[in-house]
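First comes one chain, alone, set out as structure tokens in the form predicted alone.
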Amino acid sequence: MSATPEKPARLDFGHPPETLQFWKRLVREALSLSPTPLYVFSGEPIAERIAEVDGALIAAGFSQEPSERKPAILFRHWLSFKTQPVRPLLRWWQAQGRPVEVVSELELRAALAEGFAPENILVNGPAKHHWLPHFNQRQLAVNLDSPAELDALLPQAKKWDWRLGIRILTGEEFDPENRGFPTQFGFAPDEVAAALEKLTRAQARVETIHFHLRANVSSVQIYERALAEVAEICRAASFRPLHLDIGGGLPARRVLTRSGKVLDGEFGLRSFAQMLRQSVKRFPGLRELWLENGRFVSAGSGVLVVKVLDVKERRGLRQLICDGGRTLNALTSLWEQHALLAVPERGGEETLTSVCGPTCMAFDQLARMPLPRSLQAGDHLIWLDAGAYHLPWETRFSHGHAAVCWHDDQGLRVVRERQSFENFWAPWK
């Protein structure tokens, strides 16, 4: 073991120094407001990612605002509510006049409660004909997912002037656990023409064609192939969509797979935008390009903060037992590696270390990597890029929900307290 102070370990996965300092500052402030485990979220990284996509699309010839002098296809960002269901984020997004995408009854109710106009709400997801009939808002945008949905929702869609779309299951979509099988979403290609004919015959307002590949699409060519397939389906059905909804899928930045591959290592944002500009030519009459990128937009907007409670060492492995981890707070650590920072900073000799949560599951390992031996009980660890899907997959396995802090131009504040015993036990009858 080295007794000489050394520089902090390089566990930041290439994050810029200003990003690291930003989160260290917010975390130090958050630790004065709440005990761990806790999430810290901020609107600033979201604004940066949106601006990055905007710049690439505008450079490729798309437009944010309609113009008579220079007609161009418009693009719109829909907030993927499910990715980070944090109330201040929804309010922050709504204050900018941006639209939201929802996939459940609870999300739709929340969007309406926060003041989103129905025409700024896009309803996606499967089997929504079992709950969407409860809503009588005019001009909702609704992407139909199956023939059964179409039949069940068509009368209501006509009555309330919904702007309908068809989701297509492309050949690029597959079960991530078994690539030989398709996902469960959307109309099969051979069902699309009949669905469009039925909608047209009923004089419904059908305007959108939609597909959603998956999270962390690894290359631009995958999108290109899917767009070519969808364009051919539209051509064969003589359908000219006004809106092309390509869902989400842009890969998160500076996140690794468990095998060490960089998720966005083969994906270029400007190449993506240029490919889109060429691909939309296959859709005559197209007016708008819709994007619903959740992970790319929000992954970098949050961190998970845990405290080291105990230290063990056995069979050549050092183990840090923390008050939060995979089981409670970070299911994505099952297939992703994220940058890890220590507060206070620690350096010196490194040894293979597991960062474990407090539950009674061997599964509960946030990370396993070389870490400084100088890490000790009482230190805090910051797991970066925890802004996407962490709250939706949060559990209460023997513990309550973590606290949540939110940061915007009004500063940092606690927006959800750590779950109390009363809140944990009171809902039971």
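Throughout, we count residues from 1 along the sequence that is shown. This structure is a prediction, so every number in the text was calculated from the model and none was measured.
Heads up, the form predicted together with a small molecule isn't pictured, but that's what we're talking about next.
Among 275 to 283, 75 to 83, 318 to 326, 332 to 340, which stretch sits within 4.5 Å of the small molecule in the model of the complex, heavy atoms only? Contact-bearing stretch, as computed: 75 to 83.
Go through G357, G165, G300, G294 and name the one with a heavy atom inside 4.5 Å of the small molecule in the model of the complex. Contact residue from the list: G294.
Does any heavy atom of H210 come within 4.5 Å of a heavy atom of the small molecule in the model of the complex? So H210 counts as contacting the small molecule.
Does the small molecule come within 4.5 Å of any heavy atom of R214 in the model of the complex? R214: yes, in contact with the small molecule in the model of the complex.
P99 versus the small molecule, in the model of the complex: is there a non-hydrogen atom within 4.5 Å? Because no heavy atom of P99 falls inside 4.5 Å of the small molecule in the model of the complex, the answer is no.
Please check if P118 has a heavy atom lying within 4.5 Å of any heavy atom of the small molecule in the model of the complex. P118 lies outside the contact set for the small molecule.
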